[in-house]
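A single chain, nothing else alongside it, follows as structure tokens in the form predicted alone.
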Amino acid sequence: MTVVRWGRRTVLGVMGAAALALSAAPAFAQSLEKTSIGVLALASSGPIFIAKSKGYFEKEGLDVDLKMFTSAQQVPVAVASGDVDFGVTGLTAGFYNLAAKGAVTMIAAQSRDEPGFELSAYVAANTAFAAGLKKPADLKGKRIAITTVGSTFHYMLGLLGQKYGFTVKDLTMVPLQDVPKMTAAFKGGQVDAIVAPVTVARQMVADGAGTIIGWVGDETPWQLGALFTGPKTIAQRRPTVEKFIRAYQTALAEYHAAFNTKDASGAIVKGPGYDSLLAIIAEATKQKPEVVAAGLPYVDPQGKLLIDDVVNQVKFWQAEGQVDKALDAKSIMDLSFVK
């Protein structure tokens, strides 16, 4: 073993270098540009949680504050008011109303209902199933629980109608404000069916309250969520938006590789980093990993939007009288960040 003896000058030199390094550390931290994003505690926000946890935002020079919200509509309102710089959540009529006023602009995709991915289910109550409600096309004429008029559930039913030749006017939508009230009405026999997130749908089946009759992704794939910001942010802080998107895309690619491959039976093939990424999302959403794993949505690895569906969403909400008919769908998407 070789023993190295340092003289006084050497020791002082090393100590000086260490002190210099320590003094530079806060300066580096202070050089990070502060920004913020509004998210929901859902697996669909997974890539954001991954980018934050693994330091991808910091590598781009950003100090990103995650602000948690409890409903999809709260997020674009927060962006519009300036409470947060970015938002990522499901697309609703309320979002498009704010976009029509020039308050928010889509810049990348979030999650989407995709064939083979069990994200949103059509669930028939026991009595309705026994009476012939066996498949999604049979929902015409039925009483269906949703959260609110203008919600993602509303659009899912509208899309289903477009496929099978009926409209939401041929349904009796029962708005109940939130998913717990939807499930209570379902179990209480007040409705024939619900459109529910996968974890809720499977719990219904486990409780013996109903039967899953189909999946939205298999019937009508669509762009469920998006990443967005304010037009002013794009105009005044474009380099910041570009940095944010790069970090987000790094996390999207990791998420996609870990979770979005299925085998012939439809089961997830665990990709690189599956367990560690699942743990990050579980911690952020305050859910058990197995619960998160049961509802992992599909994400495009680059964050590309389903442009045709966004256009269809706008037309649907306009036809429903929920969005200004003058709105041009393509005017609320900035496609320059995700080529």
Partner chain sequence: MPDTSLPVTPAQPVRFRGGGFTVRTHRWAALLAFAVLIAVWESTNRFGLVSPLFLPPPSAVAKALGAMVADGSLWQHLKASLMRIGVGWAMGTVCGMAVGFAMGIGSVARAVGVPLVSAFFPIPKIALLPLFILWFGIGEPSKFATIGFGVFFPTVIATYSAIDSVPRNLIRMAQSFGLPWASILRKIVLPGALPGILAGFRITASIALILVVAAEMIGAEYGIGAFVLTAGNLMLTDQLLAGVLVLSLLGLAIGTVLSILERRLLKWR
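Please read all numbers here as calculations on a predicted model, not as lab measurements. Positions refer to the first chain, counted from 1.
We do not show the form predicted together with its partner chain, though everything after this point is about it.
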Its partner chain: the contacting residue among Gly116, Gly165, Pro239, Gly188 in the predicted bound form [heavy atom, 4.5 Å]:
Gly188
As a check of understanding, the residue in Lys262, Arg202, Lys142, Lys181 with any heavy atom within 4.5 Å of its partner chain in the predicted bound form should be identified as Lys181
Can you tell me which of 247-255, 129-137, 189-197, 264-272 lies within 4.5 Å of its partner chain in the predicted bound form, counting heavy atoms only?
189-197
Test of understanding: in the predicted bound form, would Lys169 fall inside 4.5 Å of its partner chain by heavy atoms?
no
Contact with its partner chain in the predicted bound form for Asn97, defined as at least one heavy atom pair within 4.5 Å: yes or no?
yes
Please determine whether Pro231 contacts its partner chain in the predicted bound form, using a 4.5 Å cut-off between heavy atoms.
no
Answer for Ala109 alone: is it within 4.5 Å of its partner chain in the predicted bound form, judged on heavy atom distances?
no
Quick one: name the residues from 43-79 with any non-hydrogen atom within 4.5 angstroms of its partner chain in the predicted bound form.
Gln73, Val77
